[in-house]
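First comes one chain, alone, set out as structure tokens in the form predicted on its own.
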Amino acid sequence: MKIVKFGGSSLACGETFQRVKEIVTADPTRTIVVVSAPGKRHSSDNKVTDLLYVCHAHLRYKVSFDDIWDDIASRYREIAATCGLSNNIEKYLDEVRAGMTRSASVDDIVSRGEYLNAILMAEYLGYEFVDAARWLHFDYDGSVDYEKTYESLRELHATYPRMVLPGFYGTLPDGRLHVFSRGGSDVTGALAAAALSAESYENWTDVSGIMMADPKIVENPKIISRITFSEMRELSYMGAEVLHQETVFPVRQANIPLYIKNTKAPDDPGTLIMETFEDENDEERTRFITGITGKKHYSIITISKTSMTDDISFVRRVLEITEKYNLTVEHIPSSVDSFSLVIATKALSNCLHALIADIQAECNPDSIRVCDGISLVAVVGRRMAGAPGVSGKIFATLGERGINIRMVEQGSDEINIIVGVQDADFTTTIQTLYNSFT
């Protein structure tokens, strides 16, 4: 059994619905289908979920949203007509419209995009529609109740072996609807895969897998054929647009392979994500780097004090001060008599002077220096740990291009090397490293 999830771009209109049906019916083990709300049909189009958010805003301010609702309803009518569905879509549209009142929560309203799409897809595939409200359970703090969620879906699956599930939402203990953050349909699919001990979880989207670099920076970057969950986590944290963070946890915990596939090119191999790989494929034998990504606009605060290592509480006291200002310290590179705090510049915008004053008063350092306009670029690869000379090649390559490295840090598991460069060198750094290692 495979769990398959299709994103909004894969379900934007009747034509894409037809493509999804071809993919699902091509493999009889694709028995559980999770769907998003319709996405954009073209660059100037709107996602249905975005329109539903606008509807809620209009309700809140007592502004008519009839035109917006008409646009939403027409999307579902077009899908039903193109796919020749006999289901009375008008009945469901009327029910949703009647529920869009001032007393309705934003979660009540925005979840209806997936709800309606799942009803249509269930009829189109001949599967059972199972509302997410029947099985996906949240605690009051918004966290998933895994035990109750898994048990509920297993019970439903015993009755309905082939199901279409709307993504993005579930219910709180009191029965109210609750939605994940945007991208939450990915999480719904992962939960379904873990609950039913699926053979694999296929996440179908509009790209043929995870790219080695941002295509806005590197032209036609290569697709990563295989990546570990740890590598993907590193890339995601450092800015790569991969998967919703909560998606990884359920399938990783259950050791279920996760595939990223392209609805428009279903025969492309895509990207396989697993905990570990026992062997190496041809691609991995020829390069050590899995992916390159980064984020801009950081500040480096360097704190110096002679014989700092003799004061065993010095670093702790500084970090307690950053905690006071609710600051996330991304990295702490250090030397004998100094260490640096790498913090997002935006987070420091209203507290930098107060932070420095507190550090000076509490810790009495010899000096504090602040350097703004720093970008962090991460080179990620599980095979770097056993490959001598990778760090040297990174530094030499950037040096040849005249790029000044302001900071260097490597994770303890040695799957990533992070360099800090000037914001002005951000794009050139990623392009240079990509061209050097691929």
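Numbers for residues come from their place in the sequence shown, where the first is 1. From a predicted model like this one, the values you see are computed outputs, not experimental measurements.
Heads up, the form predicted together with a small molecule isn't pictured, but that's what we're talking about next.
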Exercise. Quick one: find which of 209-217, 250-258, 180-188, 328-336 has residues within 4.5 Å of the small molecule in the predicted bound form by heavy atom distance.
Key: 180-188
Quiz prompt | Answer option from W204, Y201, F168, Y76, heavy atom within 4.5 Å of the small molecule in the predicted bound form | solution = F168
Quiz item: Does A37 reach the small molecule in the predicted bound form if we count a contact as any heavy atom within 4.5 Å?
Solution: yes
Practice problem: Determine whether any heavy atom of E234 comes within 4.5 Å of a heavy atom of the small molecule in the predicted bound form, and answer yes or no. | Solution: no
